[in-house]
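Shown next as structure tokens: one chain only, the form predicted on its own.
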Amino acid sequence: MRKILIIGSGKSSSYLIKYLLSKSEKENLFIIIADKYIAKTKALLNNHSNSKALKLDVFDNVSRAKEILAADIVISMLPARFHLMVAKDCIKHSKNMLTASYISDEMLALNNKAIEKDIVIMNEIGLDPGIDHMSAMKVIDHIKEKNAKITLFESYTGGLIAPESDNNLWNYKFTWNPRNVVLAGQGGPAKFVQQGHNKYIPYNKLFKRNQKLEVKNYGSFEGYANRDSLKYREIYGLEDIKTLCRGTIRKVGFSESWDVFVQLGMTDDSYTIENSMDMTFRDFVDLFLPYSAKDKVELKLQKLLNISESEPIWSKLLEIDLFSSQKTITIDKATPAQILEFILCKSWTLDPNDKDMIVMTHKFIYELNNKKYQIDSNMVCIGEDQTYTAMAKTVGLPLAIATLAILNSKITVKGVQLPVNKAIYNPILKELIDYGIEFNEYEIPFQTQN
């Protein structure tokens, strides 16, 4: 049997595993899930005869290399910073590899070695990045085939709570790694191009700058710029485009409220706090406020950030028990970001029957025969429960489909790759429709930009 080694089995792995197991008989597959903690993995495998849960310390170089050598293809579901060591093993042993993470400079530097070994290391083949690239390139290539000129491309994606499970003031719950949510936006300034001018937004201003978005049949959202959009001019073949921005979607009002944590310094992950164990939530907040012999913590925060009790922001802070003197932090020597994550997990963890929602929206403006046209392309996916989430579905299925396509020599590119050419994205997008992941495209009258 052909062995597929999946290293790591976090929140986004459920559909990946489900898909591959469903294909295992017909495609002669044996799926090995390697993780340090395998209890949840065993539940997902459900004693399937074509699978095995393997306890693996990914930092054990000998054990890791042994499992990679024995596999026919490798999927890394580890945190992004650990992909490189897996990739080097895959190159050494001539094994194809896939990840859903952003491609790093260090990974790109392995391109020539991967080509020499006649393997592909496919990156950014999840949701965002992944489905965003493929769905965007489908429209971009279609417009280019008309010999039209694309002048604007904006793309926003968000992992949200489904309307039927939306029962808190933030309109948000954790549908993927909470740590990544808390640290979002800290990888350098957001970079994009607007009307021909490069723009940069530093982290401390990121959540103050958002754009209103409308998604047909789903209402109003807001988006903030994400990472480095400038590099996608070359990746998408849009070197001369006037406006290009990629970003993250949230429900209206989220960014303004989240900015309270940013301005206080609660999302900082660069240092640890002494005596964090048994500190109350209230004590934690007070660490970031000016000293006052008479003012309560609430009043000090209101004065510092100019927030009144009548504002929606204040109600949101109260809802997560931020000022509780009874609830305590049970992690020692924690960073501010770790403590904030701990606090938010108390309120934002999915209930067993909660459903999440993925929203992705693209906007294109192009010129043809001296006329301007606008295309909106939207995708909304609703999860089943807290295990088979929309996030896991939209991350895991593209990975799984691409894995099988590489095994069956339907994807034959070599080197360090992204899924931006037709030979890769067309069959994957087509199969995703069978699983309810489908884009609705609307050509609408051009709307003058403000």
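Not measured: the values here are computed from a predicted model. Each residue number is its position in the shown sequence, starting from 1.
Heads up, the form predicted in complex with another copy of the chain isn't pictured, but that's what we're talking about next.
Although another copy of the chain is omitted here, in the predicted complex all of K191, K205 and I273 have a heavy atom within 4.5 Å of it. Another copy of the chain is not drawn, but in the predicted complex it has a heavy atom within 4.5 Å of R209. Not displayed here, another copy of the chain is kept clear of Y373 by more than 4.5 Å at the level of heavy atoms in the predicted complex. In the predicted complex, no heavy atom of N353 sits within 4.5 Å of another copy of the chain. Within 4.5 Å of some heavy atom of another copy of the chain in the predicted complex lies at least one heavy atom of K199. Proximity to another copy of the chain in the predicted complex, taken as a non-hydrogen atom within 4.5 angstroms, holds for one residue of L108, M85, L305, M277, which is L305. Contact annotation: of the candidates V215, L264, A184, A114, the single residue with a non-hydrogen atom within 4.5 angstroms of another copy of the chain in the predicted complex is L264. Residues of just one listed stretch (140-148, 289-297, 174-182, 345-353) have heavy atoms within 4.5 Å of another copy of the chain in the predicted complex: 289-297. Using a 4.5 Å cut-off on any heavy atom, none of the residues of 407-429 reaches another copy of the chain in the predicted complex.
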